[in-house]
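Below you will find one chain, with nothing else, as structure tokens; this is the form predicted on its own, and questions on how it binds or moves follow later.
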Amino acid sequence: MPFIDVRNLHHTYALKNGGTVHALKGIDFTVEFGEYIAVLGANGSGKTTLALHMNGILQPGEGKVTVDGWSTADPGAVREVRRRIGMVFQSPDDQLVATVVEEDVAFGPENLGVAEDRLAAVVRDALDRVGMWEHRLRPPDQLSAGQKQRVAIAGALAMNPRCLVLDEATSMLDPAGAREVVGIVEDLHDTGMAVLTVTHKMREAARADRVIVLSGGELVADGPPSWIFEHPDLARWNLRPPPVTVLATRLRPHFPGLPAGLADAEALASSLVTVGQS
């Protein structure tokens, strides 16, 4: 049984003018324990709507989402689902609820009933994992955007999840802050945690084991980054391949041995050396 199982998922939003928007249209996919999946798509493709179904923030209009066998639509299962899925949103300010960092990280486990004698250790472990323990007594509003996002990740980790779902978690960060967050996510994945990251950044998607593409509320592609980045329909989905992939495509007629889907400058340079020596 997969860790997350999404079957025929539909979601429709009601508009104030009486109309509707069919945001998800029959989505099917699974997430296995320990997978690293990136979700790509243009604005309005349904990425955030999909992410919000992963821990029951939104309910299916049709179809089903199960997490470790628990249905997100079952009110009695909400606690178990949210123990397993940690959510990190685009704006950390929407997620930070306390006036001191360590109190914010303690909020979730306290509400899960973690014993007082264990709570301090849970908070320290979560903050250590994101490199924010030394800032534990600071107010969140005195932190940089990148530091706030790391605290938001710590708050999710304090719930001891099996999967981290990130919805455009680096889109509001400067390049240095984004690199820090991506590095932390990769370290967490290396420990066995599943990751589902919604992003519009191809470089971040390139780090995933698998990429899912949404377009117009439908799942239109599912495969490794190397296949997705050179897919002939990429432009039709309003997506652009990473610049390195474009360069590799232009170089391939001159270096026929270049592998497909290169998205990293170091990988391209290494491949050019290898091909040149063969």
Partner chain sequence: MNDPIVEIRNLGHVYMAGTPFARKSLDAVSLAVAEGEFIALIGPTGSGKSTILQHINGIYTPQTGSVRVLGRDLGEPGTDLTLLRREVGLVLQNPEQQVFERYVGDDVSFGPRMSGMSGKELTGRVRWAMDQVGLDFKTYKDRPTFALSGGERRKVGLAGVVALKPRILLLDEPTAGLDPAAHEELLECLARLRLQGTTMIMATHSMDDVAALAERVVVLDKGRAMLDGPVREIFSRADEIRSLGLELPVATAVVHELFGRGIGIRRDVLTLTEAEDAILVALGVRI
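Given the structure is predicted, the values throughout are model-derived calculations rather than measurements. Numbering follows the first chain given and starts at 1.
A second form of this protein, the form predicted in complex with the partner chain, is not displayed here; the remarks below concern that form.
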property: Contact residue in the predicted complex, from D174, D74, D128, E186 (heavy atom within 4.5 Å of the partner chain); result: D174
property: Triplet L247, H254 and A265 all within 4.5 Å of the partner chain in the predicted complex via a heavy atom; result: yes
property: Contact stretch among 66-74, 29-37, 211-219, 232-240 - heavy atom within 4.5 Å of the partner chain in the predicted complex; result: 232-240
property: Proximity of H200 to the partner chain in the predicted complex, heavy atoms at 4.5 Å; result: yes
property: Proximity of V21 to the partner chain in the predicted complex, heavy atoms at 4.5 Å; result: no
property: The partner chain contact at T12 in the predicted complex, heavy atom, 4.5 Å; result: no
property: Close approach of A260 to the partner chain in the predicted complex, 4.5 Å, heavy atom; result: no
